[in-house]
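Okay, so here's just one chain, in structure tokens, the form predicted alone.
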Amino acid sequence: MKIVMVYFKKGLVTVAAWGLGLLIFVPILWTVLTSFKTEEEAVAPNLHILNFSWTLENYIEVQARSDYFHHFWNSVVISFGSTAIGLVIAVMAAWAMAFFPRRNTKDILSWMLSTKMMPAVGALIPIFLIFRDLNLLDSKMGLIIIMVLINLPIMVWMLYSYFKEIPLAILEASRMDGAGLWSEVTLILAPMALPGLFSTGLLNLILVWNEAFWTLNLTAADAAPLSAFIASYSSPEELFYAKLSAASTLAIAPILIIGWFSQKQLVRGLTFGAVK
């Protein structure tokens, strides 16, 4: 009876996992298929799963109307730039909190995480005015700064949990052997926490790539990333489902490919230190 229950629970978990996966995958598949339809077929009341007129017209028109590679390059610079800067700051902060804790260290970590609970629109006006006065509106540097600030609490929290799993005795031994701060971080700490660093960086990369609120409110044209590229096909006057789907597919394709090839490293990093 126990064996039956064990297999029943495993089967139930498997079915639930497949169900959740399909729930997430179906909208993506629908978007990709719609991008190859004509506008008439995209808004037709009857669903055309595969039986429709396949066309690349939407992709051609999207590229002709908007410079996709300009927005793509902006997304690459903003995502990788904010991830690199954020990792440097987060490593230093998490290293200090994990290996040199104070009585209020956990309070500081809780306060940092609590800032993520505030609605972004609540800080929009002051940040907009500050960026205006500093000439950071519609600039890649401005978006890099704001992306580092909004995602830094999560990065510090993740790296803090990874660093706490590293035995302090290893670092103390390296200090006794004469290792300085730079050697301790780069030669001892970083290699041991590499899965955590990778998963933290990849998660931040995904969050920045998909960010829409700040990119739509702080950019116009020069620094607009792919999220603004998608929003440009939303019109109150006419529905462009097929072209909007083509723009969305072009925007999400790079990060989906990166996530697909990095899934093993991401899972390993997210579970790093979970089992002692």
Partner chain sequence: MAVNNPAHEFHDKLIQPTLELDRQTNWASRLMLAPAVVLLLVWMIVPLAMTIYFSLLHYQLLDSDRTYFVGLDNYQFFVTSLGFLTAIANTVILVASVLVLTIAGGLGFALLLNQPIWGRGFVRILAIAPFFVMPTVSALIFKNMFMNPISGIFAHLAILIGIEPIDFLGLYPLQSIILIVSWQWLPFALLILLTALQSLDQEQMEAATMDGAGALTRFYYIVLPHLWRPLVVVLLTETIYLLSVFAEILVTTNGGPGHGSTNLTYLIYARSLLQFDVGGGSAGGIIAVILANIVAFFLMRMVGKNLE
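Positions refer to the first chain, counted from 1. Here the structure is a predicted model, which is why all the values come from computation and not from measurement. Note that the rigid core is defined as the largest set of C-alphas that superpose within 1.5 Å between two forms.
There is also a form predicted in complex with its partner chain; it is not shown, and the following applies to it.
The partner is absent here, but in the predicted complex a heavy atom of A93, alone among L197, L136, L205, A93, sits within 4.5 Å of its partner chain. Although the partner is absent here, T186 is not a contact residue: none of its heavy atoms lies within 4.5 angstroms of its partner chain in the predicted complex. Taking the partner from the other structure, its partner chain in the predicted complex has no heavy atom within 4.5 Å of any heavy atom of M141. The shortest heavy atom separation between P153 and its partner chain in the predicted complex is within 4.5 Å. Contact check for L124: a non-hydrogen atom falls within 4.5 Å of its partner chain in the predicted complex. Of the residues in 166-195, those that come within 4.5 Å of its partner chain in the predicted complex through at least one heavy atom are, in sequence order, L168, L171, E172, R175, M176. After superposition on the rigid core, displacement of the C-alpha of W30 between this form and the one not shown amounts to 2 Å or more. Relative to the superposed core, V76 undergoes a C-alpha shift smaller than 2 Å between this form and the one not shown. After superposition on the rigid core, the Cα atom of S245 is displaced by 2 Å or more between this form and the one not shown.
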